[in-house]
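First comes one chain, alone, set out as structure tokens in the form predicted alone.
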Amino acid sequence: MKMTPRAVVIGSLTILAAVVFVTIWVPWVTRQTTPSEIYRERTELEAAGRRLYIANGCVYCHTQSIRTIDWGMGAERIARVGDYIADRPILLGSSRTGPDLSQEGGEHPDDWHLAHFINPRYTRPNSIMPPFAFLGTEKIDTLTAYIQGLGMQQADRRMARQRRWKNEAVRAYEAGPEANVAWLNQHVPQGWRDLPNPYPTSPAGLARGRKLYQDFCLGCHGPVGDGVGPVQPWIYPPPLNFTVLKGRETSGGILYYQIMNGITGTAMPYFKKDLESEKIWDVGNYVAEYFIDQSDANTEPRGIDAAYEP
């Protein structure tokens, strides 16, 4: 066969037709139109927030698709085709520079997102996300509405949980420090309340705790643990002032449980996906030593010593 102009044109058109058939026509005729079990339509406010999300390029850093291989990263639900039937365009994204947002709704209360969009370093001191304060609070609230809807019906349940606990947290805070600390501690299971920090205090452990505090906690609780970090003007109830814990029941187990599990309804997030066990004990001991001045590290009841500790 000679490479004539006619053969080139026919061959090129044939290849183009094959590509269109495989990549466009076949997916279109076999597309799934059945909603998933969590699907719901977006509100007008959420749709407006989605347009802001697109306009500001959020999709370039954040995916919206938990894959099977992401299961070990703490995902609670693998994405389904039926989650996206109303999305035009679908904002799956391919870069995972930031966390996946497909189930972000209800992970944090609204005021946490306000502070985070104004300056991500307020809530995550090591974040590389750019600040979006230029949007103004009205647009940030609209963008937050979209983020809080990601996860659809599951997000709605998480948001209901956030609102319920926020009401309780605000009442406890406004009742004064004594009532607030009592409220915080009463929601820690008794077994954790009775548990001391199992690791003895050491210079290396305190150094690790200090670094972890700077990386994860400083934006909210402040450099000296008084709750006056840069995030403080934007959230309510404000971050806990650790110094009010002096002389009150504050075991290593209480600190561990609250760092691990967070305090739903407040801006205190959980860190069980960010920090492994010893890091949580270390940052808890740093807080106890330097801000509360009453560490119970390595006190009774004790178990068997770890193979590697002072």
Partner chain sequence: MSATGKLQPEPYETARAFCITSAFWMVVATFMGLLGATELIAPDIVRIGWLHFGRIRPVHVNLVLFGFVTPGLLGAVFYFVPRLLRTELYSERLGLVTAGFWNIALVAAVSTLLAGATQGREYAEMIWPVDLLVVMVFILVFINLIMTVARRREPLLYVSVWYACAAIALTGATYVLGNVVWVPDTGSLVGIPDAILLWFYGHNIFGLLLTPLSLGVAYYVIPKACRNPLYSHTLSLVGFWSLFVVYTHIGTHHLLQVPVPTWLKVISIVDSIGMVIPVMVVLINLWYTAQGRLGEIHADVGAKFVFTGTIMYFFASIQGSMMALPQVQRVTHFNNWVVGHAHIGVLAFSGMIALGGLYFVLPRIAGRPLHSRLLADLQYWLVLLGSAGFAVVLTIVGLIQGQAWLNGETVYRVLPSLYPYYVLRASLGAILFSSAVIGFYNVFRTLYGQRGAAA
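Residue numbers count along the first chain shown, from 1. So that the term is clear: the rigid core is the largest set of C-alpha atoms that superpose within 1.5 Å between two forms. Keep in mind that what you see is a predicted model, and the values were worked out from it rather than measured.
There is also a form predicted together with its partner chain; it is not shown, and the following applies to it.
Its partner chain in the model of the complex is approached by Phe134, whose closest heavy atom lies within 4.5 angstroms of it. For Pro130, a non-hydrogen atom is located within 4.5 Å of its partner chain in the model of the complex, even though that partner is not displayed. In the model of the complex, its partner chain sits within 4.5 Å of a heavy atom of Pro89.
Interface residue remark: Ile54 is counted as part of the site for its partner chain in the model of the complex, having a heavy atom within 4.5 Å. Contact with its partner chain in the model of the complex, judged by any heavy atom within 4.5 Å, is made by just one of Phe216, Trp165, Tyr173, Trp192: Phe216. Distance criterion of 4.5 Å from any heavy atom to its partner chain in the model of the complex singles out Ile85 from the list Ile85, Ala75, Leu206, Met159. Only one of 244 to 252, 281 to 289, 257 to 265, 27 to 35 lies within 4.5 Å of its partner chain in the model of the complex by heavy atoms, and it is 27 to 35. Residues Asn119, Arg121, Arg124, Pro125, Asn126, Ser127, Ile128, Met129, Pro130 are the members of 104 to 130 with a non-hydrogen atom no more than 4.5 angstroms from its partner chain in the model of the complex.
If you fit the rigid core between the shown form and the other one, you'll see the Cα of Leu16 move by less than 2 angstroms.
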